[in-house]
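Let's start with one chain on its own, the form predicted alone, as structure tokens.
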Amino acid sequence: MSSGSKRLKNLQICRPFVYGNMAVPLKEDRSPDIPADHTHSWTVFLKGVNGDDLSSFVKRVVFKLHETYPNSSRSIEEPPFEVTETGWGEFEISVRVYFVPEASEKNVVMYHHLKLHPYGPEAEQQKSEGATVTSMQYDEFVFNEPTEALFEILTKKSGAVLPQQKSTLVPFSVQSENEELDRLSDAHVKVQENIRRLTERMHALEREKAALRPL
């Protein structure tokens, strides 16, 4: 077994990342090269949560666009791992990640639905303002029993720590995780209270039914 290829038993290491897209409406002074029916410029990406460089362990990322795009399979060999295009429709994009040879890991694939239009209670206002639409997901690369070489690469510098505070540019943080936990806790309390009320109501109806039975 070559040096560095030995796997470290009973060890797991992870690195967080985000993937998704940003989209903005095209303006009237668009480039003449852009088709007339295209309405938005968009960028699909994969990057570190804090903007960290993933290229120490990510060899390349292949974005599979809709088949109507020329060269629909775009292989990005170095950061930033992203593809910018224009278009008018939303569709699913596959994001396949290949790791460096030292990792001896299989490639992984994720799927992202390209979002061009805002949604929610303020969607119409955002649309009229031509606001940037961002659709992004948090995930983690989890390496079980990594090779010695990959472990050395990943531990040369910290990269698995979420920022403490959230911001417009970094929505995923310890703060946002705690807020989500609080929302889940509040929802659990409300569900338990509704169950208690329904149970009491059911017992009351059973008592009323029993009282109406003929002697």
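One rule holds for the numbers: they count along the sequence shown, beginning at 1. All figures in this text were calculated on a predicted structure; none of them were measured in a lab.
A second form of this protein, the form predicted in complex with a small molecule, is not displayed here; the remarks below concern that form.
Trainee: Is there a non-hydrogen atom of Lys64 within 4.5 angstroms of a non-hydrogen atom of the small molecule in the predicted bound form?
Mentor: Heavy-atom contact with the small molecule at 4.5 Å: absent for Lys64.
Trainee: Tell me, yes or no, whether Gly87 is in contact with the small molecule in the predicted bound form, where a contact means a heavy atom of each within 4.5 Å.
Mentor: Flag for Gly87 set to yes.
Trainee: Taking any heavy atom pair closer than or equal to 4.5 Å as contact, tell me whether His38 reaches the small molecule in the predicted bound form.
Mentor: Flag for His38 set to yes.
Trainee: Is Thr68 close enough to the small molecule in the predicted bound form to count, meaning some heavy atom within 4.5 Å?
Mentor: Although the small molecule is absent here, Thr68 would touch it in the predicted bound form, with heavy atoms inside 4.5 Å.
Trainee: Considering non-hydrogen atoms and a 4.5 Å limit, which listed residue (Phe91, Tyr138, Tyr119, Tyr111) is close to the small molecule in the predicted bound form?
Mentor: Of the candidates Phe91, Tyr138, Tyr119, Tyr111, Phe91 is the one lying within 4.5 Å of the small molecule in the predicted bound form.
Trainee: Given that the partner is absent here, state which listed stretch (120-128, 139-147, 100-108, 68-76) has heavy atoms within 4.5 Å of the small molecule in the predicted bound form.
Mentor: Looking at the partner contacts, the answer comes out as 68-76.
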